[in-house]
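One chain comes next, on its own, written as structure tokens: the form predicted on its own.
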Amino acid sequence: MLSRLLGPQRRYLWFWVFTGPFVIGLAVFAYIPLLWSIGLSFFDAHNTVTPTHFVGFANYGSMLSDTAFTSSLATFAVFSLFIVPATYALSLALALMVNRLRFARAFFRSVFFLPTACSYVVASMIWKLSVFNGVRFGLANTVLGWFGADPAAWLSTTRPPWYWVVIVTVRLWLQAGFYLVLFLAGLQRIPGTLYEAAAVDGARPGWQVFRHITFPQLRATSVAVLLLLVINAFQAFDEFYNLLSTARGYPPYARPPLVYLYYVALGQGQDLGLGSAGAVILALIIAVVTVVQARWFGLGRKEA
């Protein structure tokens, strides 16, 4: 067995030396916990990770009939309705502007990409304590005061739900730069001869060229960006939890699936079986949505 892994003349020895630790780490910290979580979803696992009472699909039935869980899915739908098109449009617009620069392109690309290196927790606390903290001297309320408007309690007002402004803006600031880089890579792959041919045919620079040449050439990049945006929206946790939770707990509104599952599995009930079932359901929903979206946009389809 060992000789097969190493290959003739131990050809693959250094391959396993360098990749072995990463494979072991991936198995220990990703694959084994994933399989263990799937197993827990079929047991009554209150306050234990080694349950013995098998309940079958009872946990799945409880989660699907739980109005709080379905409400969290509705929260995701609202969040994705805001964040997906906003991030797509902003990152594409920034990429188009940066791509047109004749100098300092690398500088502006780095400036816009830099927020992606910031922690979601840190960014959420900055938004919560400095920008949208709800007091008169917060940055957002200071700007409103310049126009004679009253201060807004951004994170504690449900009518109107100003907290969506806080959540969406912090996510936009954090992730727009990453998708900007993807769009820049797509823009740089467009042959310049297409634009030259369009100019010869009398196409007007600007919207007409973008609509008929640039945007169609970015089809594959756009599909990949939209897939990543939807998946990331399903996985939203840090900004919701750190922006809306207080010393009294998390409010009943704007609770996405991962925040709800966090309280189910690690809250007072410590129901790891129920939380694992919810996590499996969420993973299946993400997989189905991703496949349907990929088929809808024709991801991987050969060009005619």
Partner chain sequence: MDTGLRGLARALRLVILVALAVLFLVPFYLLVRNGLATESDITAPNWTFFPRHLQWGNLRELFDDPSVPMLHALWNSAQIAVATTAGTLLLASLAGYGLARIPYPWADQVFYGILGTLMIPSAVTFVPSFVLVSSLGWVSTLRGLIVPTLFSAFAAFLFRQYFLGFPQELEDAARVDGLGYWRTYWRIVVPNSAPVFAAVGTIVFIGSWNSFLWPLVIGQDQQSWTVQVALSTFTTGQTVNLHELFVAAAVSILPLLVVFVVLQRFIVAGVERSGIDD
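Heads up, when I say rigid core I mean the largest set of C-alphas that superpose within 1.5 Å between the two forms. What you see is a predicted model; the values in this text were computed from it and never measured. Numbering follows the first chain given and starts at 1.
Beyond the structure shown, there is the form predicted together with the partner chain, which is absent from this document and is the topic of what follows.
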(message) Can you tell me if residue 88 lies within 4.5 angstroms of the partner chain in the predicted complex, counting non-hydrogen atoms only?
(response) no
(request) Answer yes if any heavy atom of residue 178 is within 4.5 Å of a heavy atom of the partner chain in the predicted complex; otherwise answer no. (result) yes
(message) How about residue 102 - does it come within 4.5 Å of the partner chain in the predicted complex, if we only consider non-hydrogen atoms?
(response) yes
(request) Flag residue 215 as yes or no: does it have a non-hydrogen atom within 4.5 angstroms of any non-hydrogen atom of the partner chain in the predicted complex? (result) no
(request) Please state whether every one of the three residues 121, 127 and 266 places a non-hydrogen atom within 4.5 angstroms of the partner chain in the predicted complex. (result) yes
(request) Have a look at 195, 82, 113, 162 for me and say which one sits with a heavy atom within 4.5 Å of the partner chain in the predicted complex. (result) 113
(request) Answer with one of 253, 29, 57, 54: the residue that has a non-hydrogen atom within 4.5 Å of the partner chain in the predicted complex. (result) 29
(request) Please name which of the stretches 92-100, 151-159, 207-215, 67-75 has residues with heavy atoms lying within 4.5 Å of the partner chain in the predicted complex. (result) 92-100
(request) Can you tell me which bits of 230-267 touch the partner chain in the predicted complex, meaning any heavy atom within 4.5 Å? (result) 235, 237, 238, 241, 242, 245, 246, 247, 258, 261, 262, 265, 266
(message) Aligning on the core only, does the CA of residue 24 end up 2 angstroms or more away between this form and the one not shown?
(response) yes
(request) Inspect the rigid-core superposition and answer whether the C-alpha of residue 39 shifts by 2 angstroms or more between this form and the one not shown. (result) yes
